[in-house]
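We give structure tokens for two forms of one protein chain below, kept apart as structure 1 and structure 2.
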Structure 1
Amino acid sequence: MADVLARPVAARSRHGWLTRIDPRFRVVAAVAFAVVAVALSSITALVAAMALALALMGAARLPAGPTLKRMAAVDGFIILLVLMLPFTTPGVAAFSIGPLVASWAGIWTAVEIALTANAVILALMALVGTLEPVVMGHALHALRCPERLVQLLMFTIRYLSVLHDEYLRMRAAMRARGFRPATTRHTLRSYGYLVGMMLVRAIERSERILGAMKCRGFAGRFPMLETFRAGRADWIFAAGSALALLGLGGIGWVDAAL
């Protein structure tokens, strides 16, 4: 238990002042930022949101290289949409590539989506991504999130690596028996058996875990290892976040009025 309690403190010491803020405030700020950023439709406001996300990245002292790589991995899901929007949105023509005509409306829509997605992702990585998973679960519980949902999150975090190790052992057993993946019906059937066995073993493991927990007196609730107390710095952070989000909304409202 001492090791579990020490890990969040060690994690905070490696990062900036943002990691010393109460996790509850950081979770609420991340959700509020995402809601405001998604609601914005002004390029100026979205650029300001991206600048705010970059400031949060600096406050959390996230390393630039790994952070940009993670963002690029997420951007891979939306890049096709961003590339297709200029050619599928009607409006005044900007340029053409053969028979395909790109419109200015589509270009601006693509820019808005790219800025929104990257600002939200970067803010979440700075505010929530630096939290230890256990601390994240405790913060959600303290915010009165559904207890069953919090427990599901905690179990998922705890046993995801266990199931991954089980998957690797089964893959190694398949290779030892001469299995080589190919575009054949046998390969598809083998992967189907693999997924089925993973589900069966996961159910069996969950039953054993539940039995062990009941033997140790589990009655449906987890004792919380951390008690959060909001301090002066936390309330200053909350006030600053509220002002920053109101500023983003004000920029968007002014641009819409003009």
Structure 2
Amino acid sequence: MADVLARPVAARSRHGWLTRIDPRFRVVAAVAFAVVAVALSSITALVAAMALALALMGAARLPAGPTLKRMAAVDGFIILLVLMLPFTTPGVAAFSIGPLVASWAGIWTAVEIALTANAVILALMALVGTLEPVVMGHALHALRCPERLVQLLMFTIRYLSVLHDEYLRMRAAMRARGFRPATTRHTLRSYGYLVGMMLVRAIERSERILGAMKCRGFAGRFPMLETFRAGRADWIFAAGSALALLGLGGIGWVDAAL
């Protein structure tokens, strides 16, 4: 299926026990984990959350190296923002670089953000990113997401790789004509035409798709062939997740009380 999406993580997953858990439970667990992690402000609890996310990565048998690299890859702007925090937060001075004074309060806030962001994204990749994209769509449908939104998601997933291939073909054609990207107006114009052409072809393709679908009697609904049935392992996973999240909350509470 959509190999643009599958290539990064899912394709490399080698079927740990986590990948056999009911997709619906995994989606719910990922959302619950994110909410709890964002609510936590104790460093101890966040370290525990990070450990939990790492354990999930292991349970999904995701390869540690590429996964962690992907987790840590964020916009340069976010890195800058976190690095600036110690210097812009008032508080007891920790160290100084020239006229800039870093405060302990700022350092802890920066660490807090870094731990939260990475733990959540890692858990999300382990729990949901290991699903086939289409199965994620089915799971969201089963969880009562708005039907049209799920259909839109499914169409996007279905045509991502088709359009990506088309994009690569057009890039190859540009290369064949001697195009080399640089910081020039010519580059911007060429890329603009490339994007415009991609959209033109996309909409023409979608007209053919709609025609073909109508031929087959499409009336606004897809029969969702996937039916999920929760077994014992799924409920054990649910109970375990709930306990783990309560544990994280408990650590946070104790840490705040001390």
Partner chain sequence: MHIVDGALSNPVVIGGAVVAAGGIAQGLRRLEMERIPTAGVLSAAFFVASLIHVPIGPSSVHLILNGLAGLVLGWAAFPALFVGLLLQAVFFGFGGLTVLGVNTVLIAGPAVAVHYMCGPFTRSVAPGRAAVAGAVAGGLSLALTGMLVALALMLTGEAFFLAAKLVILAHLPVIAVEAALTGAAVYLMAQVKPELLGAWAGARA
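When a residue number appears, read it as a position in the sequence of structure 1, where counting begins at 1. The term rigid core refers to the maximal set of C-alpha atoms that superpose within 1.5 Å between the two forms. Nothing here was measured: the structure is a model prediction, and the numbers come from that model.
Trainee: Pick one: which is the form predicted alone?
Mentor: Pick structure 1; the other is not the form predicted alone.
Trainee: Please state whether R208 has a C-alpha shift of 2 Å or more between structures 1 and 2, with the rigid core used for the fit.
Mentor: Comparing forms between structures 1 and 2, the R208 CA shifts at least 2 Å.
Trainee: Examine G58 after superposing the rigid core and state whether its CA is displaced by 2 Å or more between structures 1 and 2.
Mentor: No, its C-alpha moves less than 2 Å.
Trainee: Superpose on the rigid core, then tell me if the C-alpha of S41 is displaced by 2 angstroms or more between structures 1 and 2.
Mentor: After core superposition, the displacement of the S41 C-alpha between structures 1 and 2 stays below 2 Å, so no.
Trainee: What is the C-alpha shift for L194 between structures 1 and 2, rigid core superposed, to one decimal in Å?
Mentor: Its alpha carbon moves by 4.1 Å.
Trainee: Keeping the rigid core fixed, work out how far the Cα of Y167 travels between structures 1 and 2, to one decimal in Å.
Mentor: Between its two positions, the C-alpha of Y167 lies 3.6 Å apart after core fitting.
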